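Below: one protein chain in two forms, given as structure tokens, structure 1 then structure 2.
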Structure 1
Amino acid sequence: MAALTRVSGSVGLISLLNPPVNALSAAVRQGIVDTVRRAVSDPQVKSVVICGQNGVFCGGADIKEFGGHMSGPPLVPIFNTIEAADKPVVAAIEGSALGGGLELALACHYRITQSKARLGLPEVSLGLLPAAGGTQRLPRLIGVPAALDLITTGRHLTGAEALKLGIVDQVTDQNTVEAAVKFALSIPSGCNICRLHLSERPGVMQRVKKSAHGAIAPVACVQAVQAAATLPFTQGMQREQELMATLFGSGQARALQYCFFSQRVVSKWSSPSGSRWDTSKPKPVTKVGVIGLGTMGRGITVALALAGLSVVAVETQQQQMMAAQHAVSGMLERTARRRGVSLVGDQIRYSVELEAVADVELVIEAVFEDMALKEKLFKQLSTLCKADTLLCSNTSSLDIDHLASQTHSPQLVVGMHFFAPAHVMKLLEVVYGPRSAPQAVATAMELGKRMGKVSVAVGNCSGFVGNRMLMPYVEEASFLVEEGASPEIVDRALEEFGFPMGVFRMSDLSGLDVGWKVRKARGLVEPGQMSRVRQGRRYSPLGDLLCEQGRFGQKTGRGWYLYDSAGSREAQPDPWLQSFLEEYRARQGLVSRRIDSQEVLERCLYALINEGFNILQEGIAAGPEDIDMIYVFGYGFPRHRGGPMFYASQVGLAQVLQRLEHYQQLHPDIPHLRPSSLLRRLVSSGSPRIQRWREIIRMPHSSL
């Protein structure tokens, strides 16, 4: 709805009301039409102010209307009417003006914003573009380069940055509506809308295409802004609508909107059996201990400090402590500068004594991935800390149940698996075991939320969800190289699909020795041996053999690729590796064959997806949304593909099953190509929509 009142004698105040964010529903749109018409026709009204009630201007379109028929008046003619009004119209922006909300403000003649308000056009994150004039009005207001940056990234602005760019006319720390009314009273009659003369910027499309990794919405945004730069306003608006029509029903838009809603689903966590735990009240946490200040511990410390928590950071080696303190200070300073906020860090207390965490409410250990070391630490913490202190491990694969068994209160032990760099990466896997108390899980989930993470609750198994699924994905890539592909062929196919990095470039970045240590711990490594069967299944020793050569990736300047120097990031094909692979294949009796990008994608992605179905069947993840959010936010799976499970639903479950069966027949010694029984069940159930998978997973079924 929208209400019109007259204030200060001659100002028509239009207030939007649709809690919580005053979204532009059909009723609100009709309300704007009615109130603007009345205000413009009222001779006592000399100017108009549009605001939102309850401290929020407008959060944009109602996304719930996207899936069906949109009733009520459309936005474009509404905004055109506002812009064409012969009385000055001022937007009073409080809280947020996002998407259609900012487009509404852009249609007004002037904009006054609260200093803490957020402004932006995030439609690109939903696979769309601002289609109510945003791509045409914003470039004409602030110029092409700045408009392109905002529209193609969807990033949010503060009031101060919006003023600097010229989006708003005034920023206030006082009552925004009062400031807007005062501003409206000062405007002379007969205001004019200035149209800038724009020109297209060369090279923009190439840069956006490269950074989009196959997403079509950013490219369409550039095309719309190009229309603003080269066409009259009316024709530019027409081009905007044409581009929006191509995006609206696209698979990418559906995938991105699925991601949007899935973030909400995973935040309302539940057990795989369907019992909801999100009603469990989290324990209040104000002081957190971090033990181990290596790369992960430093990032966790920074993330906690940026969230406003008091941190006790423990590193028992004095020299490492000093290095960590210096590194954390630098990370905080850079992050604060990038965010445009004041420097934080005085709430961090450093110590070389484990006893320093005795009075915290929650401890996160981030020591080396060594079970014996973690066992000893958890025994110490169980005795040292308060009886109700939550003990959390940042382990990426070790048994949380076993760690819990080393303590006096196993119900207070959960996993908090961060992803490097921990102060940047959005994902947090919260791992629970059969004895984990709901309050402990709720507390870890809430702490992740305070840190700005997408927190996903998962069950306990080797590798949990993310790393367990990663193993068959990486193994298939190595098998493909054994059979004739090069690292470049595999990586190129995956990067063209949308991953920011392929398997082998990512391995070089993280370090080949990391996976080598994991394989050693599992008893898979046989130094100097080329056996392609380990523990009864096919195995590729290629990574082990490279590590034995001291080829650890970027850190040594040699890995799957060649680098100019240690630490360099510019990967080049390595002639030595090509010779090494030819010799390896000859010794193994392997005949190299041509492998195309389709086979790369099917074997790597379908192996990944198949393991996801196994995880769902075992109840390690409650639903496909949990897996998809883990892979989108933690492993670089292209967001515009929706995540591995959503991608499988888009390809067609029957197609995924058929191709897995095909590759299983060709490679019967690769267990992870054996189709999951859950995948077979879903196909036999008619391949239902992904939103119904949870229901089918919970249905009783025969194991015969």
Structure 2
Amino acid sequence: MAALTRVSGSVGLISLLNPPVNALSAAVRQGIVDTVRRAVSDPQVKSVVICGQNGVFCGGADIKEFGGHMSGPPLVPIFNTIEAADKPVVAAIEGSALGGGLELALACHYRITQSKARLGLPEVSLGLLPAAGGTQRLPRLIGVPAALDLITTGRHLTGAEALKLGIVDQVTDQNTVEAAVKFALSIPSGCNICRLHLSERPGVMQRVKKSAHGAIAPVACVQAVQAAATLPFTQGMQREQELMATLFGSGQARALQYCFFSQRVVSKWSSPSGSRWDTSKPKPVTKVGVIGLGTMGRGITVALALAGLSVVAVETQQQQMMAAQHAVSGMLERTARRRGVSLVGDQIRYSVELEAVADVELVIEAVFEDMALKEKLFKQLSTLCKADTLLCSNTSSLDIDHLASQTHSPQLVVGMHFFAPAHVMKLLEVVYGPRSAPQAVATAMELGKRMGKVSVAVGNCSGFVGNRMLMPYVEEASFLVEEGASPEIVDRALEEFGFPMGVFRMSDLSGLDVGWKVRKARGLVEPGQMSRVRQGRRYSPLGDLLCEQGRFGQKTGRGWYLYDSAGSREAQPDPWLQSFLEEYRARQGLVSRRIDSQEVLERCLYALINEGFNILQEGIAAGPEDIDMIYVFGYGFPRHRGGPMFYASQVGLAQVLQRLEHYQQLHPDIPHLRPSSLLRRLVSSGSPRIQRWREIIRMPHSSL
């Protein structure tokens, strides 16, 4: 798994051989031990270059090994041997040097990199820290502040950025291995790892803890780098190992590693009709039409332009068009500045005429969420666009199949549900209907990928996956407030769990009127009425009553919380709301009781999870990974919990079932607390590992 050859007479060239990313599996580690020993002891070898096969240096430790028994030689002594070698060792970095891959390079005496290569220590995103010397060597090389930034965020750098920081010695746009060999031929033996610059920025621990939302790895990363700043190298290495031992087997590390693989699993989509990612070829797309330039349309336009696509942006209201054009330019400018790239605004053509999209390959409709309006638009598009143009809707809940039925080619219609702000949020739900062609799904998935999104293919149902699961979660939160909790109690429990915002703060941010409109459309709203049973099930009119008072959240300065002014973000508990709730409970004959954070978490999260099981059972999502990635990337579910379905598997399915049964007995009028039959089936199959759920879902069963 590693080969040694001699090049240019005296350079020992060690190549890592483990496609696709030359991960440091047990066999590769053994290969490095053997080849380094041979190179060091060969008198004809005067210097050594380490590179990776197929244009990738090394993607780090083999993450697949983490779950099981780790065998083979450990990394730390291997890297110490390289560092201690009395011949100069040069890393030739192409493609990626990530995690253990970069730590290997840091143990070498010199590093030459391709300018576009990606370098980083992303262990924190796997619930770990760089425990093969990364937390000790990097701060010694580039100083504590820069090392802390890289290690606690896990962000990737380009080769050019790495040169600026002093991580690498040379950047090349030519053949990197040849450049490294040339470099090796030119140097005497030596090592450069002791560029001490170890002062720490004050307050870093508080900042990292605050943004970690309960994740433990970022905190351990800071502790390890602090050790580099205060202890000699050998003791610092010991501290690194101790801290890694606390993380390695943790539930958070398992959750984060599950997320790593799930993100890749969801790109390998399949649908109940049998269409699949590997048998469906996407159609090439270069020019996209966006119809409707409200908040969503603007974000989608920016995201498409940033991905290098030509965009025809249509808004039929002249004034709205001018505002949108201005807003899009601003968003592009800010993003370009942040990313350090040049502006891409000239790829966008604006028009007030729908006919402007006549020659595009794909249209994304982002008009107001009104079925009649969308029906009319899809009919028009079907006539004026080319016969093979894909027609996509950004609807967040309307029936994609119904929209498809308005067109001449229903097979070319899919949902592309972006999340606001669309140029920032990573999630895209690609919604297929029963008639969507495999190529249409593949094209939308591929376009999402080009836009840098985590695209998840899901079936068509009301609210699709994300918003459908959100309904019971939000409803439970309102029921808890009826029963005696305050919005602060509910939000605190959810935020301590790891959500960036609790349900009420989130609702104030997005606007209470959004849900009000949806409930009105479903015929649930009865103005001025306080009845708590609607359409045969428990209903909380609290949100409607607040909207009737003009309390729409942040934008009106009051909602579930009070704000200093309209648009302010500082939520304060509102004494008015407290009296309003007391009066409401009294009029409803509800006796307020003390509700603790465990009940908040169980009722909100288990209701959400239970809906997830229903969705899996119905085949709307192909597997638990799809649901989990939707929640992690679209709804702020803490990544270190793995997503709702993974969290359920860690709590224990039997426990989730038992608590749902308990709450359902107490609240028989809340249908979403009735345990899903798939959950029961999984429990009676012995609660298998989440990776086996797909098998059980597919097994024939009786629903009786």
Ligand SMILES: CCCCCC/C=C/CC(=O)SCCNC(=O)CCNC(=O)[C@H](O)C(C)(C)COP(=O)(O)OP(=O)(O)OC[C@H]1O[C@@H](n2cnc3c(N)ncnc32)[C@H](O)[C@@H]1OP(=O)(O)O
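Heads up, when I say rigid core I mean the largest set of C-alphas that superpose within 1.5 Å between the two forms. No experiment lies behind these values; they were computed from the predicted model shown. Quick note, the numbers are simply positions in structure 1, starting from 1.
Legend entry - Selected structure - the one that is the form predicted alone: Structure 1 is the matching one, since it is the form predicted alone.
Legend entry - Did Ala648 shift 2 Å or more between the two structures, C-alpha, core superposed: It does not, since the Ala648 C-alpha is displaced less than 2 Å between the two structures after the core fit.
Inset, instruction - Align on the rigid core first; then say whether the Cα of Ser687 has moved by at least 2 Å between the two structures. - result: No, the C-alpha moves less than 2 Å.
Legend entry - After fitting the core, Arg558 CA displacement of 2 Å or more between the two structures: False for Arg558: its C-alpha shift is below 2 Å.
Legend entry - Rigid core fit between the two structures: Cα deviation of Lys46 in angstrom: Here Lys46 registers a C-alpha shift of 5.5 Å.
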